[in-house]
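Have a look below at one chain only, the form predicted alone, in structure tokens format.
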């Protein structure tokens, strides 16, 4: 319990520091939200009136306190570009990003874990060598390039799916999941290769332990030893990698959403940065930062629960 409270307090402090730094960055970078909204032909008097009405002339600490208080109450402000509440603008786009993250994570998780064990089990045979070489190649290819290959080969050439077609979840939920699948594969493939390589090393290290020889001496089958005994202990260090990957996919994949023309948070972030729509950009950036910080802290807590030998540092 003491460890949990300590990690929770640390997470809250980190979130506050990140939120303030992010707010401060938008005060420092060149540009003016009032000019972006009114246009370059607006008179200085019009710009000044707009800044006054939006509270942009208040001191930075006052604006940060007001901004943070609004977030704590679920008010993310109003978009300066669309003049609509930010929460309403982000709801549909957040749905796309989250379902893409969940779909890619499940695809990657249920392939990488058993594949990693099999590669380690048959590391000295043809299957293990070929799999290891294939994983090396996949790791060297970015998700962006993988996405382009999937669109060209399976979309344009083989016509297994319609490139750049998006189906809203309200129209057809299965169609919505289907149009996310190629992007989920593009996100998952490099991560599968990473986890397979890391898990192979962990499994190989566990194979040398005494409990493995004891399990074999009791007549346990090879599959039982690998999947019930070795995997349980080999997964402890791999948990950190899984947490980092989950945080990455939950935070969104800006490039992949661009490649597959998905209306998620990534594409919306890019367009909002260009128009200096600070309320939208800050909401998305804070969401991404919060996801990474929260998941990393949850992984630390889970790691401590799974292996109590870890010190409460």
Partner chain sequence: MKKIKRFIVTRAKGFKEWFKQRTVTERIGFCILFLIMLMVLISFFYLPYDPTKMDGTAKLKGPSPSHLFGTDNFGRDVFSRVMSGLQDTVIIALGIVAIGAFFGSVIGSVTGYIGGLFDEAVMRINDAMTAFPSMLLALVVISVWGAGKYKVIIALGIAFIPSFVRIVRGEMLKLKDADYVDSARLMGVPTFRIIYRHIFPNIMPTLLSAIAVGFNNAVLAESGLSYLNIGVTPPEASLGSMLSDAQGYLLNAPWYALAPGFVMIILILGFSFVSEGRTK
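This is a predicted model, so every value here is computed, not measured. Numbering follows the first chain given and starts at 1.
The discussion below concerns the form predicted together with its partner chain, not included here.
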Going by a heavy atom distance of 4.5 Å, is residue 22 a contact of its partner chain in the predicted bound form?
yes
Find out whether any non-hydrogen atom of residue 136 is located within 4.5 angstroms of its partner chain in the predicted bound form, and reply yes or no.
yes
May I ask you to check whether residue 142 falls inside a 4.5 Å heavy atom distance of its partner chain in the predicted bound form?
yes
Could you confirm whether residue 197 comes within 4.5 Å of its partner chain in the predicted bound form, counting heavy atoms only?
yes
Looking at 149, 98, 177, 87 here, can you tell me which has any non-hydrogen atom within 4.5 angstroms of its partner chain in the predicted bound form?
149
Pick out the residues of 108 to 129 whose heavy atoms come within 4.5 Å of its partner chain in the predicted bound form.
none
